[in-house]
Ligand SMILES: N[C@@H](CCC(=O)N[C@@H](CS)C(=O)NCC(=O)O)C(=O)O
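Presented below, as structure tokens, is a lone chain in the form predicted on its own.
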Amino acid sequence: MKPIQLFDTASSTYTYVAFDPVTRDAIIIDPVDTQLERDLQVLREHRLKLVWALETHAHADHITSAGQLAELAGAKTAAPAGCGISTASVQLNDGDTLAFGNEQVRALHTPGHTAGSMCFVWRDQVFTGDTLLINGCGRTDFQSGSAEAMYHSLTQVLFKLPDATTVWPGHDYQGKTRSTIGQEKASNARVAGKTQEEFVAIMAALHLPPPKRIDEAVPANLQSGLRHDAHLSNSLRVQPADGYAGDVSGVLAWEWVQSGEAVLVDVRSDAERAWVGFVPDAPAVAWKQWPGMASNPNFDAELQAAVPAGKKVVLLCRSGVRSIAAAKRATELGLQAYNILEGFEGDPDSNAQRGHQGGWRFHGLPWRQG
């Protein structure tokens, strides 16, 4: 069984969708933000439920859509622990596995391109990100890269896989789609038959220009590609916003709810609440629903029914993307609406803290797991 291989022309990035043919549970690896609609359509066409959105590393040449896909499809995000992607739901270490249906992928820590880079093994196939490319490898001259670490990852980790293992790279610039471990061991121009010293010299002589989007992409990808540009401290009360009353921290929102000044409304999809958990006593008024993530035609009526006259409404989703849209619509309906900054994936000091059982607590309010 092969994964679905998708390509982004602007960044020459391959995105992969693998799935269990029985349960239709799926994972997506290295998605690109500009291809969000394409990827959602692929999930719809193949009748797939997205369980995991994975990153091989924090990319420098494109912005990920992992956070948005998690928002829209009710999945969880996962990333290498060494990459500093703090918003990922799961921080992966070497040898960790993630299940989707009856299938699973296994993480291999393969530093070199970045210190935290990982590859993912699935069945007799490996998704190699920017570590092993077809007849090449990822660069090692920035973002905690190391040619010595790359040489070890190639020769002592990936090349220890069976020769017949299919290689699915993170990028290709000549239209090639796949290779095998055996082919790369025998003929990869940068590493095949080379000593570590020779490999390090080859990498040092590349003199590549920096990726065009590095200054934009890396900070965004450290936040799963989501909006994380407006952190509120506990002392900052309300940040003005365009189209609705304002952005508030989770701390302030919960103060309002406890005092009876506001109603907390959860605009996540039913699929997310079933997968991740739900907030007790918070009305659930989905902004969009899976499958298809179509707009909820009953949103207006359900929201108006949930908010008593004269009360504010504070809107919550996973990251603050849908709650912003919902706050704007609520304002159009005549409500005094506020967005909770960054949702449950925000700053633990202002929005949420880890619960003792590994769940989340929204400023002291425990989630009940679904």
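These figures come from a predicted structure and were not determined experimentally. Numbering starts at 1 and follows the sequence shown.
Not on display, but discussed next: the form predicted in complex with the ligand.
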* Asked: Going by a heavy atom distance of 4.5 Å, is L133 a contact of the ligand in the predicted complex?
  -> yes
* Asked: Hey, in the predicted complex, does P211 get a heavy atom within 4.5 angstroms of the ligand?
  -> yes
* To do: Examine G138 and determine whether its closest non-hydrogen atom to the ligand in the predicted complex is within 4.5 angstroms.
  => yes
* Taking heavy atoms and a 4.5 Å cut-off, does D61 contact the ligand in the predicted complex? -> yes
* Establish, in the predicted complex, whether H113, H171 and R190 all lie within 4.5 Å of the ligand, using non-hydrogen atoms for the distance. => yes
* Which of 155 to 163, 138 to 146, 261 to 269, 278 to 286 has heavy atoms within 4.5 Å of the ligand in the predicted complex? -> 138 to 146
* Can you name the residues of 306 to 340 that have a non-hydrogen atom within 4.5 angstroms of the ligand in the predicted complex? -> none
